[in-house]
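A lone chain, given as structure tokens: the form predicted on its own.
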């Protein structure tokens, strides 16, 4: 059964038509939505906005390098049971008291459809996606300790994010609807900034975006600034009341933008950008 409600941009999140189509396609198919894109392009926030837009609860599962698929289903707390046994606790005789429900079990048990975020799945071991194939496909799993078959009351919308740090298995990909969030162009970026900083002056926004995309387009940059870093930078510019003309100074002492620590995150990129700006200015003077 598919949702009658469709996802679209919200007052706090600008979604492209392609992204909205992908979310709604995943809802229609009942398949997980695999979202890839540069860090800082709003992949995690997408799950929050989709849940809010559809009026669903959100279950978050943030994956780490040590995360196992079992953690999302349930965990058996054998240590607590042993301690209670030594203390003569009555509840020790029912093993169900020591089964801790994971994120997926909670979503499967929910009385209404939910959204499940499996965030940064590529951080885990390569076997992690393969170990979730049945759960993602059939929306069920087996609890060996209690001999229970757990099936989803309502099929949740799974949103799975990846920063493309490692390849995901074909069997896993086959079960997903895929969308790559392209880095926003200038027009989309203006809309995104407008949502977060509606009070920003047009001339400051114009100069800031021009400089931001110049930084991103710098050849050889090790870490390109992302959307979230642009928003942080603009917040600092507004807080310090830095005027637009300050961003385009020809002062040789100001080779990089004010508050550049929000955009450039390592010393190699700072030195590279300084060198390229210096060379550009010297070339302009010679001409």
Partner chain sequence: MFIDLFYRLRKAGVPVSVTELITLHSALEAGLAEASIDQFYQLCRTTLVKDERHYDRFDTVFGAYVHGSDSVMDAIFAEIPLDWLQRSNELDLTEEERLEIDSMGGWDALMEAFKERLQEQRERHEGGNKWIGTAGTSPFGAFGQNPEGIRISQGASRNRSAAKVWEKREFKNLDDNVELGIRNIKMALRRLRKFTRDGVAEELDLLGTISSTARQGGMLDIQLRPERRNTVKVLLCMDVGGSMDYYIQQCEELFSAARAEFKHLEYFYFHNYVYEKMWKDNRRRHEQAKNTAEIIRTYGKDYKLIFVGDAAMSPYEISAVGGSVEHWNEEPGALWTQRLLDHFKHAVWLNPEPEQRWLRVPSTRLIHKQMDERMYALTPKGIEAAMRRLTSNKA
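Not measured: the values here are computed from a predicted model. Positions refer to the first chain, counted from 1.
Omitted from view is the form predicted together with the partner chain, to which the following refers.
Student: With the partner chain left out of view, choose which of 126, 100, 209, 134 has a non-hydrogen atom within 4.5 angstroms of it in the model of the complex.
Tutor: That would be 126.
Student: Would you kindly say which of 228, 70, 28, 45 lies with a heavy atom within 4.5 Å of the partner chain in the model of the complex?
Tutor: Exactly one listed residue reaches within 4.5 Å, namely 28.
Student: So which of 80-88, 109-117, 183-191, 200-208 is the stretch with heavy atoms within 4.5 Å of the partner chain in the model of the complex?
Tutor: Partner-contacting stretch among the options: 80-88.
Student: Using heavy atoms and a 4.5 Å limit, would one call residue 177 a contact residue for the partner chain in the model of the complex?
Tutor: Result yes; residue 177 sits at the interface with the partner chain in the model of the complex.
Student: Check residue 195 for me: does it contact the partner chain in the model of the complex (non-hydrogen atoms, 4.5 angstroms)?
Tutor: No, residue 195 stays farther than 4.5 Å from the partner chain in the model of the complex.
Student: Should residue 274 be counted as a contact of the partner chain in the model of the complex, where contact means heavy atoms within 4.5 Å?
Tutor: Residue-level check for residue 274: no, no contact with the partner chain.
Student: Using the partner position in the model of the complex, report whether residue 221 sits within 4.5 Å of the partner chain, counting heavy atoms only.
Tutor: Yes, residue 221 sits close enough to the partner chain in the model of the complex that at least one of its heavy atoms falls within 4.5 Å.
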